[in-house]
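Only one chain is shown below, in C-alpha cells, and it's the form predicted on its own.
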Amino acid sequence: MSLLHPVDRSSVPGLRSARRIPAGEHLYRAGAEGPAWRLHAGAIRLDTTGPDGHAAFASLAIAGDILGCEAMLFGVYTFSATALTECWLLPWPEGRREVAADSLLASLAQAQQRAANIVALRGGQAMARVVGLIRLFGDSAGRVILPTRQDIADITGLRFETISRIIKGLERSGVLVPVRVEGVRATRSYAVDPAVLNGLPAA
C-alpha cells in the first residue's frame, strides 16, 4: 500500500473501521495500555525514552507492519508511536486465530528486514543514507512523502542542516520534483525519477 494519501476507504475491505492519525500526532505512548494495530498506509516513528527523559529514535513502521503487539504480552506499550505521515491503521488481530498467527509471523519477518534497513540508514555517506530513506518511503508510482527534516535527521543520525542541504541538492538535480498532494506540505511530497535515483549510491 502506498504512503500517499488520501486513502479511499471504500477500496479496501475493513478500512471503514480504520483509525486515521494525522502526521505529527501520537498513536500511543510508552507505558500506556491499548490494542495492537496493523499499519495500512503511512509511516510511523517508534521512540524509546532516553536517560535524559527525552524521546530517542528506535525504529520505523511502514504499511503492512503490526504495531503494539507487545501490549498483548506485557500489558503496556514498550515504545511511543508517532505518525511521520498521515496514517491509517486497522485493529489487529484480524479474524481467526490462525490467520492472526500467520500475519504476525509475516510482520515479524518484515520487521527484521526493516531493522536491517535502519541500521544501513545510520551508517555510511550522508547522501547514501538519505537516498536509502527515499527508496524505503517511495511507492511504485515513483512518488514519495518524506517525514520532516528533523525526523529524517533523527532516523539517519545526520544533522538537520545536512538533511536540508542534501534534499535541496536532489531537487536541483531533478531527482526530487515537488508535487502537490492534498493535505501534505509542499516541501515534503515529491515525484522521484527512479532511473536517476537508482544511479545514486544507497545505504
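In this text, all values refer to a predicted model and were calculated from it rather than measured experimentally. Residue numbers here begin at 1 and follow the sequence given.
Omitted here: the form predicted together with the DNA. The next part is about that form.
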property: Within 4.5 Å of the DNA in the model of the complex, all of 125, 165 and 168 (non-hydrogen atom); result: yes
property: 4.5 angstroms heavy atom contact with the DNA in the model of the complex for residue 173; result: no
property: Residue 57, heavy atom within 4.5 angstroms of the DNA in the model of the complex; result: no
property: is_contact(residue 136, the DNA) in the model of the complex, heavy atom dist at most 4.5 Å; result: no
property: Partner contact for residue 29 in the model of the complex: the DNA, 4.5 angstroms, heavy atom; result: no
property: Options 33-41, 49-57, 149-157, 62-70; stretch whose heavy atom lies within 4.5 Å of the DNA in the model of the complex; result: 149-157
